[in-house]
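Shown below, as structure tokens, is a lone chain in the form predicted alone; questions about how it binds or moves come after it.
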């Protein structure tokens, strides 16, 4: 699984921004590793071990060079692809792993389910499923919000991708995709450098891919045999039948990777936003006033979303300071000059949303959650990139934002969520995503407009500056 090209014997690390160390350190804790590289070298650096390098870029200048050049910097959504005839290769070979002309063509065909008109048709599904989730909550109970958001987004993503008419099969696909994605994240670091423990689990990943492929094939069969709907799979089949040239295997890959990209990123964005609001009662108060004025505690209607400007700022700032996707890698398709480096073909280049969003030259007090900053700043697409940037920007970005902008007001209109006093909240980047690695325990109460921030512990303090415990009291009308 060793994927790095070896350097020539006469390379000179002494004049380049290179740190000699262990590439496994990056897999173990990407944020700590990247922070050290940036502190020592600035916005471009390499980590070298035994003549092999992993390259890192931080900031809009290098982000733009890499992300705008999809011909020389290729995407690979999951690092472990599997052999050519394996289910792992098939389910990981969708749009997000395509490159060149193939990617351009498939992206154009796949745009239909994510166009503005299609997104509006999913609004009722988001409202329905978020309300059904809240119907199971009870005042005065403590819930693990991360678990709730993960389960909710599993149902929502399954419904939007596969429709509401086959709920059991859609849920089965969702559960099996979740397991497959988790294994890719857990075992993926073995692609950076061999690890015996991870390598032994490779067969488990291959078996998981085979188990996932079966129900997706069945859903595809049912969709072709019956009437199509407005779900993503139906729209992709319509595009396939209208233009041709897309195999069923490619459709399966599109669906598996779209689910993999959407499910946990949206779940973690919801979790981190609710967490940050619970620690900033003055922001929660401002948002509560806006939601009360515009929605009166109900789910927002589609025409109301653009009026929720505080909500928009809260989400932008949450995805800046705690982005669900912390970094992504690209692989050079040919020799490339990047800053002071001459990269051979096959070099791995890491760009980091987390690091770029925390650069002090781009954001004042970058470790602090300050939604009001968005009243005066307008960063470039390569300085603020929670959904990526350039020709490979996330195809579902608008859909993802709609889901967040409907779900959060629905939750906050009915319940007030407060972290338990003294709760330990931990986070870690695993593979590419910023996961909560502990419970995120929140007390559920009827929404009354009075907000308190408790004192919490955990390594989350190393990722974001949190204010002292405080209270904002404003009795709801």
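Everything numeric here is computed off the predicted structure, so don't read it as measured data. Residue numbers count along the first chain shown, from 1.
Separately, the form predicted in complex with a small molecule exists; it is not shown, and the next lines address it.
- Interface residue among 235, 133, 328, 336, judged by heavy atoms within 4.5 Å of the small molecule in the predicted bound form: 328.
- Of the candidates 142, 115, 377, 393, 393 is the one whose heavy atoms come within 4.5 Å of the small molecule in the predicted bound form; the others do not.
- For the small molecule in the predicted bound form, the listed stretch (394 to 402, 172 to 180, 124 to 132, 83 to 91) containing residues with heavy atoms inside 4.5 Å is 394 to 402.
- The small molecule is not drawn, but in the predicted bound form it has a heavy atom within 4.5 Å of residue 388.
- The closest non-hydrogen atom of residue 230 lies beyond 4.5 Å of the small molecule in the predicted bound form.
- The closest non-hydrogen atom of residue 240 lies beyond 4.5 Å of the small molecule in the predicted bound form.
- Although the partner is absent here, residue 257 is a contact residue: one of its heavy atoms lies within 4.5 angstroms of the small molecule in the predicted bound form.
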